[in-house]
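Heads up, the chain below is alone and in the form predicted on its own; it's given as structure tokens.
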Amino acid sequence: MLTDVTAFAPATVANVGIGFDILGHTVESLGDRVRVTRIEEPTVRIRNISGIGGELPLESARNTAGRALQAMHSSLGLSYGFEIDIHKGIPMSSGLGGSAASAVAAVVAANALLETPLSLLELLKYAMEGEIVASGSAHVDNIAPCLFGGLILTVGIDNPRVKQIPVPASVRCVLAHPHMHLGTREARAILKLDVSRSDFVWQTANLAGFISGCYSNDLDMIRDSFNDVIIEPQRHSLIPGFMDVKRSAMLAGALGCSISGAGPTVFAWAETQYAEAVRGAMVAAFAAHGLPADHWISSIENFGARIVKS
């Protein structure tokens, strides 16, 4: 029986523009590591948080990793407990799924310590409890891809159905993270509660076209469908220079460009041969607005959270 396991969980791009709260994909360039140790006391406690986590709470109920394990511990009625060490590799409030990654890494590591390991779908429900701590609501567009890997469509909350969608092999994800903070709660609070019928039809068509393009390897269909007409127009003003960043990415050859999750990170899909030019254009556009930006180019592989040490 293992007593000490470390899991890695990758960063994620939620929404992918046209799939608000239902689409997301992994970013292999960065992620969180969580070490879970089995202890005799039947409780969940956080021992240490390192990396770029800022002032994250050590109180389990207020921490996404701690809350996810509390939900697992309570549901399973375990006679033993867990001690957690978190190493944050994802910037806080970046729109790259940092809160989800910690929760997912925690449940994946703890799962390896159970006498009877649970399915990924069961782990998803516990990780969702952790995500509520960060955003105030249960949504799985970060958690599902972080756990299952690749580009993921998730339908439903109480009984989620998870589908891995193929991504054309030539596509890369380009990310530019400006040095600013934008909280998920703040970005969700500004959203309208209703949309016009025309926007609903347009967005639905774009989502269907995008998924169809992924399945059929049709880059032109992906490009034509990569247009969020509902969420992005409401949020882009929260990110200084966003429209210039998007315009620059498209001129450099991107298939599409939008806000990663709640932002402020901006992501683009581009074919491999254009990825470097797209990255340079996005970073330069942010710099023109006085914002230095971290940047990455990542493939979209079907690799989710996994054990890296036991």
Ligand code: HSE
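Because the structure is predicted, anything quoted here is derived from the model rather than measured. In case it trips you up, residue 1 is the first one in the sequence shown, and so on.
Only in words, not in the display: the form predicted together with ligand HSE, which the text now covers.
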Fill in the blank from the handout: Partner-free chain; cross-checking ligand HSE in the predicted complex, the single residue of 225, 111, 154, 184 with a heavy atom within 4.5 Å is 184
Practice task
Consider the chain as shown here, without its partner, and state which of 262, 27, 275, 266 has a heavy atom within 4.5 Å of ligand HSE in the predicted complex.
Solution key: 262
Exercise for the section: Using the partner position in the predicted complex, report whether residue 9 sits within 4.5 Å of ligand HSE, counting heavy atoms only. Expected result: no
Handout entry: Partner contact for residue 235 in the predicted complex: ligand HSE, 4.5 angstroms, heavy atom
Key = yes
Practice task
Determine whether any heavy atom of residue 125 comes within 4.5 Å of a heavy atom of ligand HSE in the predicted complex, and answer yes or no.
Solution key: no
Exercise for the section: Decide whether residue 87 counts as a contact residue for ligand HSE in the predicted complex under a heavy atom distance cut-off of 4.5 Å. Expected result: no
Practice task
Have a look at 31-39, 275-283, 254-262, 240-248 and name the one stretch with heavy atoms inside 4.5 Å of ligand HSE in the predicted complex.
Solution key: 254-262
Exercise for the section: Enumerate the residues of 140-154 that have a non-hydrogen atom within 4.5 Å of ligand HSE in the predicted complex, in sequence order, or give none. Expected result: 141, 142
